[in-house]
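Heads up, the chain below is alone and in the form predicted alone; it's given as structure tokens.
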């Protein structure tokens, strides 16, 4: 179990089943413990932001949810799938989960439209016409219909990330995972990507977001989870955690992030 106390986020009796339920999750690389007894619940329609220093286990947690990383122990349920069941149909589970990475992960030899249709055709078995219609709808949502026939190398980083979001949305997921989606972008394009994510949140998309964008976390997230050293240190309503954190480690982290030029001087 985590060495820090966390609030109870279990679904209330009679409520809808959680979109994500994590209990006692542990992940290590050799002797390095990256996740230590993580408990986390995300309810349908909820936006949860994971914040914390680099190396705290945020991205590893996200990758464990769709088995891009295999945990050593613990229980994970995502969209009704028992992720830690050895007999899980991984492909079926991943159809319900969209993931947007730091580095876009687009196919460079395919056009924007083809990037958004290839998985629809191969995984969902949609016709080419249906896949293209769905892709164009989502490219319109991210403001890139006019780029449909271009290749990723012809686009800016921000545009490529917006394509990656459109690609994920084209699979009609129940849950969207964002792993620091703006970390590789220049400051001028960060806002475009965050605006799309804000729109998705307003539309009721269930989202779990690893981010260093504190203003986005404060204004858009329902809850914020602060991680450090592979454990959940503090979690709660976004404005409370970011505006008046209870734990000293959270306060120290946010002070550095929100005031990066502040220099602590010895008394």
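What you see is a predicted model, and the numbers here were worked out from it, not measured in a lab. Numbering follows the first chain given and starts at 1.
Beyond what is shown, the protein has a form predicted in complex with a small molecule; the following relates to that form.
> Choose one stretch from 218 to 226, 234 to 242, 31 to 39, 199 to 207: the one whose residues place a heavy atom within 4.5 angstroms of the small molecule in the model of the complex.
Stretch with heavy atoms near the partner: 31 to 39.
> Taking the small molecule as it sits in the model of the complex, is residue 59 near enough to touch it, meaning that at least one heavy atom pair lies within 4.5 angstroms?
Yes, contact at 4.5 Å.
> I'd like to know whether residue 114 contacts the small molecule in the model of the complex, with contact meaning heavy atoms within 4.5 angstroms.
The answer is no: residue 114 has no heavy atom within 4.5 Å of the small molecule.
> Hey, in the model of the complex, is residue 45 touching the small molecule, heavy atoms inside 4.5 Å?
Because no heavy atom of residue 45 falls inside 4.5 Å of the small molecule in the model of the complex, the answer is no.
> Please run the contact check for residue 180 against the small molecule in the model of the complex: heavy atoms, 4.5 angstroms, yes or no?
It does: once the small molecule is placed as it appears in the model of the complex, residue 180 has a heavy atom within 4.5 Å of it.
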